[in-house]
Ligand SMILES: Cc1ncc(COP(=O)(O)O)c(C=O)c1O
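First, one chain by itself: the form predicted alone, in structure tokens.
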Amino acid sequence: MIRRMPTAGTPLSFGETVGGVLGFAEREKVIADFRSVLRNFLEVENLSVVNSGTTAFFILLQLFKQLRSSENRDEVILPAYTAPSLLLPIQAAGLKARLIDIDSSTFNMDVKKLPSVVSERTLAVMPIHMFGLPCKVEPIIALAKNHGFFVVEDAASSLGTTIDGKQTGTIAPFGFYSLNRGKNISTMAGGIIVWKDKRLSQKIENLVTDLETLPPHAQAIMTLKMIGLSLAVRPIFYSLLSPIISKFKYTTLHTHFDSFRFTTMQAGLGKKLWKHADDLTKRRQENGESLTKIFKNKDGFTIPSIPITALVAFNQFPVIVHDLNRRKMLVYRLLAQGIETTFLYEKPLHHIFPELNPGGDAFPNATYLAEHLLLIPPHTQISQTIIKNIRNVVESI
């Protein structure tokens, strides 16, 4: 039997699992300790943790509403290709989403088009580091100085990516990360908020403190899920239990999100995980570099251009396959080698939510990306032998 390799997920060691289980019974100090670990890793002064990246984004939107110069500022600009779940906190905050097309060379927000989209209604612009790829943030910050909007980086999928020696998520005045399952480093769930202006710390901490505490029985269930998920992403268990595991994958749009405080279990697990966070990041960078060599300058494929000063910790390795029949064949042959791929979001936001489309196909690059994208896993279980198998499959088509 060929062992199947999941598209995402890093198995936990026995010590890490124990750290999570013991964290369940620890006091709040373990959360403070984990926050200190994260500050050192990200090289930031101001940082807080919540239950998810979605909640982290929602907290920042609430802050922006408190600080905005006018109630007429109610729009958040984000790229037309990204996670549909990002619309939930925007709606929950009583705000409106406004889309911008992506740059077909970077797979990220087309920053050059931003001046024509920004208006007096713009509350915030959110560059998203999709797939771990760094988006250009400095031009957005410069534009914000003239137009008075907030800039918040969505680094949910780019934890560990650096550009010019700076961690993505720490370049703009505000940023957030996700520690959810499938992310670069996961504590089962979780979100990180970072900000530069220390004068805002009390306001943000007040918003975080207002969140509910997860009841003990729910924390116990989360702990059991953590143990189960760690086993499920190991190839031997994933192969044997694939029909069961598939039932727990996200297949429908999220319609709501829960918000609560970060738990001691997650903090205990996080403290253990971060002892080799650099190694986990480096493996994603190395696997991404190997996959880049396979697809670079190969006819029929387009991969994103990456700044020379960037080190990318890929969450997924993105490839545009221009011939859809070829993409279908590639998926089939890789799966025959035990390598699962994914399409992620098969429609851009303006196709999922037609009310966001001003007319026609206003964001053609996002549409093309959604329809032709193939994502190949670069996580730490992807060995050089698997990389070689991927190369052989690509060259055989």
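Residues carry their position along the shown sequence, with the first being 1. Small disclaimer: the values here were computed from a predicted structure and weren't measured.
Another form, the form predicted together with this ligand, is not on view; read the next lines as being about it.
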Among 270-278, 170-178, 144-152, 98-106, which stretch has residues whose heavy atoms lie within 4.5 Å of this ligand in the predicted bound form?
170-178
Quick check on this chain: which one of Phe64, Tyr345, Tyr368, Phe353 has a heavy atom within 4.5 Å of this ligand in the predicted bound form?
Tyr345
I need to confirm a contact call. Of Ala83, Ile294, Val208, Ile320, which residue comes within 4.5 Å of this ligand in the predicted bound form, counting heavy atoms only?
Ala83
Look up in the predicted bound form whether Ser157 has a non-hydrogen atom within 4.5 angstroms of this ligand, and give yes or no.
yes
How about Val312 - does it come within 4.5 Å of this ligand in the predicted bound form, if we only consider non-hydrogen atoms?
no
Residue-level question: is Lys183 within 4.5 Å of this ligand in the predicted bound form, judged on heavy atoms?
yes
Considering non-hydrogen atoms and a 4.5 Å limit, does this ligand approach Ile204 in the predicted bound form?
no
In the predicted bound form, which residues of 51-83 put a heavy atom within 4.5 Å of this ligand?
Ser52, Gly53, Thr54, Thr82, Ala83
